[in-house]
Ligand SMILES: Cc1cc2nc3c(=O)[nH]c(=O)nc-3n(C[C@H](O)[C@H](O)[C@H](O)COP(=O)(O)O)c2cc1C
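First, one chain by itself: the form predicted alone, in structure tokens.
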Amino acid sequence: MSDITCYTHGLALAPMAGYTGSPFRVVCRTLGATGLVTEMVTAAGISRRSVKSIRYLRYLPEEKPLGVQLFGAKPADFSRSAELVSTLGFSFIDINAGCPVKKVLSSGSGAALLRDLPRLFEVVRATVAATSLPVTVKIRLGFSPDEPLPEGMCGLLCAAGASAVTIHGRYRSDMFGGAVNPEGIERLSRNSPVPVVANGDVKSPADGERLLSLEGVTGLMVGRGALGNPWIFRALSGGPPKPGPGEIRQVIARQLELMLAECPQPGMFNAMRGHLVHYLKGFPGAACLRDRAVRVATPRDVLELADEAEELIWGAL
């Protein structure tokens, strides 16, 4: 697979703020994710060389091919930031036109662009003009059921220069609730002139097969279904769907190692706690471990919880 094909025709990990930093991306790559994208980072911050924004661009060699996801509302910010990130070894640039969070919308960014398509197309054109990298766009079905995107949306984005489109199967008004709408995805993906990656509620191989069967869909993106369960990528590739003996401990330890290398203590433990709460689910006694997970403060605390999880799952067998 080429760099962009690994994203458009494979199994991609969705960018999720606070979760999909470099350590978790490496874990997911190891377990079968073919396409990785940074957490969304503000185009305005990158264009101003903001230290806070630039730190989101850190990655490890084993993550490549890797895309960077930018959000914002001003074409000039996307142009300047695209010029910069094009020099940093990324494989493609993704434009976020789907984030439903109010703080993002208030600046005209994310899903707010779905209400201002001329601006969205201008953002795409400005980004494409500033880089030789492929440019992709992530969208939702529309701002609300009363404001759906036009059926030819993928073609319009292609005309602006987009090389691929990712469609999250909800409206902005749905936020992250309710069931994903496969029919809505297919309405937009059907007859698309560019590859379409489908996203939303992929928690099992059956969920993945349902989205991949939609007309025009070429790839799959997994978001919340991967939290605490990076093995889903292995399952989607036909491998064992659940971690075997020792695998939970191994993955947590590897992620901890990478997080400690990326961020000095104690700052990294805020992020580690969030991941632990997801890893420690689905087995008897997990609730007690989760209560302790939100208070971990040392590497030893983390590894002790991982060991206890393995004992609870496999000790009685």
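Numbers follow the displayed sequence, beginning with 1. The structure presented is a predicted model; accordingly, all values stated were derived computationally and were not measured.
Below, we refer to the form predicted in complex with the named molecule, which is not included among the displayed structures.
Screening 114 to 122, 164 to 172, 242 to 250, 76 to 84 for residues having heavy atoms within 4.5 Å of the named molecule in the predicted bound form returns a single hit, 164 to 172.
The closest non-hydrogen atom of G223 lies within 4.5 Å of the named molecule in the predicted bound form. The named molecule is not shown here, and in the predicted bound form it never comes within 4.5 Å of any heavy atom of D207.
In the predicted bound form, the named molecule lies farther than 4.5 Å from every heavy atom of V68.
Interface residue remark: G72 is not counted as part of the site for the named molecule in the predicted bound form, having no heavy atom within 4.5 Å.
For the residues L188, V202, I93, L236, the 4.5 Å heavy atom test against the named molecule in the predicted bound form is passed only by V202.
Residues of 134 to 151 that come within 4.5 Å of the named molecule in the predicted bound form, judged by any heavy atom, reduce to K138 alone.
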